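So this one's two forms of a single chain, laid out as structure tokens and tagged structure 1 and structure 2.
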Structure 1
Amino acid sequence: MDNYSIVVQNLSKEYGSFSALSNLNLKMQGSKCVGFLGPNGAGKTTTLKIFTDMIKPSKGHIFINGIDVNREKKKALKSVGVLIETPEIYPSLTEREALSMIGQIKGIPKHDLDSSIKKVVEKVKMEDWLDKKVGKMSKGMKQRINIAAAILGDPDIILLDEPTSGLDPRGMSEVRDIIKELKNENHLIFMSSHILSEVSDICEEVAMINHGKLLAYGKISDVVSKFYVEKENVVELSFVSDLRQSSIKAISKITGVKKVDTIDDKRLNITIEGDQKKQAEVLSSIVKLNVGLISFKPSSGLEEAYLSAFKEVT
């Protein structure tokens, strides 16, 4: 396991009488993806901005790979790639020009810059647009360029602030696939998100925060066990191609299906009433619809745990 690490010690941030963060302690180590969860105003973006020294903490410390960000910012952040909120790229620049500018800011040597840009645009599948102006691109394409900018220079640690926010289902799916590939390439990824199915799909661990305080951190299964007691029969279904609304409606009408939730174009969560025999009957009925079902698995239960956790602290 790689020894990448983010260590947060007693981190607090006050704005007058308002406490955005309160004695946050967190330790993440190794190559993995950690989801950062919490409602709006919980302190997620504030935390990420303190991690990168965009804002200063009122007290406490953040160490990246053992280096204090406040005391040695340049050294600590040298191995970090960041995408916070939704940065705008100058529309008059081409993708190559925008990434070249970022590469120079990062201090990538000129003789390595072209190959570094080629590497990241291939990862985000934007190589055919290298010399096209950014202003003519869709929001999803711009976000892929933002991710390319974040991973330019092959950082050990990647910080992502709601990377799929505002994208259509196809754009969300494309960005998730990119993050999955990055996770398999030995990075420590810390990713905030409001989309629980996305976190379940990508991350091994989650940290939950509310009103600036940490509620839980650990493996998804452990966090689910902590907050979610009464488990329903929730099954995640995957399909070979994009689902039509007529197919989703047909599934929802099957006897025993209590609820249908769309994850993305090709995946659903269904809640089934009854025992395992009833689950088998429901799945058999879905197969008979001939809508391209290719796999199914129990849901992680993260959504139920999340709702339970924040109900308890409201």
Structure 2
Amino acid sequence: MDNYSIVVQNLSKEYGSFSALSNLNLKMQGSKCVGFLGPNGAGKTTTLKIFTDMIKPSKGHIFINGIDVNREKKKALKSVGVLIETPEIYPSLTEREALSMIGQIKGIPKHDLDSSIKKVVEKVKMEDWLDKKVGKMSKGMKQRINIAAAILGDPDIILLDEPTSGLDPRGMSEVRDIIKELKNENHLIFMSSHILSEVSDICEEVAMINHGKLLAYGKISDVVSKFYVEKENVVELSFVSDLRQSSIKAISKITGVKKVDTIDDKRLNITIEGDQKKQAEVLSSIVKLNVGLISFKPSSGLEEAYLSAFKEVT
């Protein structure tokens, strides 16, 4: 398997005449985060479920560290942490008991179990709830425990299916930080998400799938350039105070500004025609207008590439 951590080989899944996955091939290795993108029904969750033997493939194989998941599930998933959809936990168990159960299944030695649980609950900020019953917790809290269960035992590979689902904005931000931290700790993370900004923020690579077929896989910049020819850039501008109409008008008149969209009273999206040099000129002109510009955030292009990719195939 050429030392790849994950190898997806000619993977297909059919439900009668409907093909959920069609001849999917993918290889991943190293310590990084790979975003798994695609519209609803594209086959993301199906793929992740086959990874964990929740569903069986009609054809093909998934090898994790060289071991076929379908043939030797226990061995293959030995160093894999999993969060698929939003699992429920036996409601009468406490957080500690639920994590102990998973820890014991994973084979964390007795003398390490308490410290391993403590480590993961601190990461997901659930240490104050250790002895409370899971049934009394909110959806967001349960999702944090699910994340804790996935990373319990320090797995090499972490499979996450929309991990921020059900979390409030603060929870989402914390989970993103956890994933970034895990990435830096030598984990390979394969994460499906609908939130493109999340993927571009956390992941270095992205795999795009639609109608069960892989459209692209590679570094975000490579995938973006495959689907999106950068003729224009979208930049988000933030201002110190509410913008006047006259200021917006002045910005829209700057040479190179193609379009101005108001996000709210203090933020604008501007579309700039031309290359990066042109972008620098435009931003410089906005600063000279003295309208209180405090920051600007260029788009990664992933959203544009995503829209372009799925517009092309649908």
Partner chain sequence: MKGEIDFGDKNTVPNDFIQTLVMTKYASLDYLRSRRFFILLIISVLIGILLTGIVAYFRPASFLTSSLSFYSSWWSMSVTFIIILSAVFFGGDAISGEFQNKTGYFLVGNPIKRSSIYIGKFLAAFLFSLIIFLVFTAITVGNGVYYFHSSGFPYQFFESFLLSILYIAAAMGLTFFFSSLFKNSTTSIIITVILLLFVFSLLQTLVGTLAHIQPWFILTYGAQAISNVLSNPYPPAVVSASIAPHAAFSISSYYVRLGEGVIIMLGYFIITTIAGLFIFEKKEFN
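Worth saying up front: this structure is predicted, and the values here are computed from it rather than measured. Residues are numbered by position in structure 1's sequence, first residue being 1. So that the term is clear: the rigid core is the largest set of C-alpha atoms that superpose within 1.5 Å between two forms.
(message) If I had to pick the form predicted on its own out of these two, would it be 1 or 2?
(response) Answer to the question: structure 1 is the form predicted on its own, whereas structure 2 comes from elsewhere.
(request) Superpose the two forms on their rigid core, then report whether the C-alpha of residue 283 is displaced by 2 angstroms or more between structures 1 and 2. (result) Passes the 2 Å threshold, so yes.
(request) Please say whether, between structures 1 and 2, the C-alpha of residue 27 moves by 2 Å or more once the core is aligned. (result) Where the cores coincide, residue 27 shows only a C-alpha shift between structures 1 and 2 that is less than 2 Å.
(message) Superposing on the rigid core, I want to see if residue 60 changes position between structures 1 and 2 - specifically a Cα shift of 2 Å or more.
(response) Where the cores coincide, residue 60 shows only a C-alpha shift between structures 1 and 2 that is less than 2 Å.
(request) Let me know the CA shift of residue 270 between structures 1 and 2 in Å, rounded to one decimal, core fitted. (result) It moves 5.7 Å at the C-alpha.
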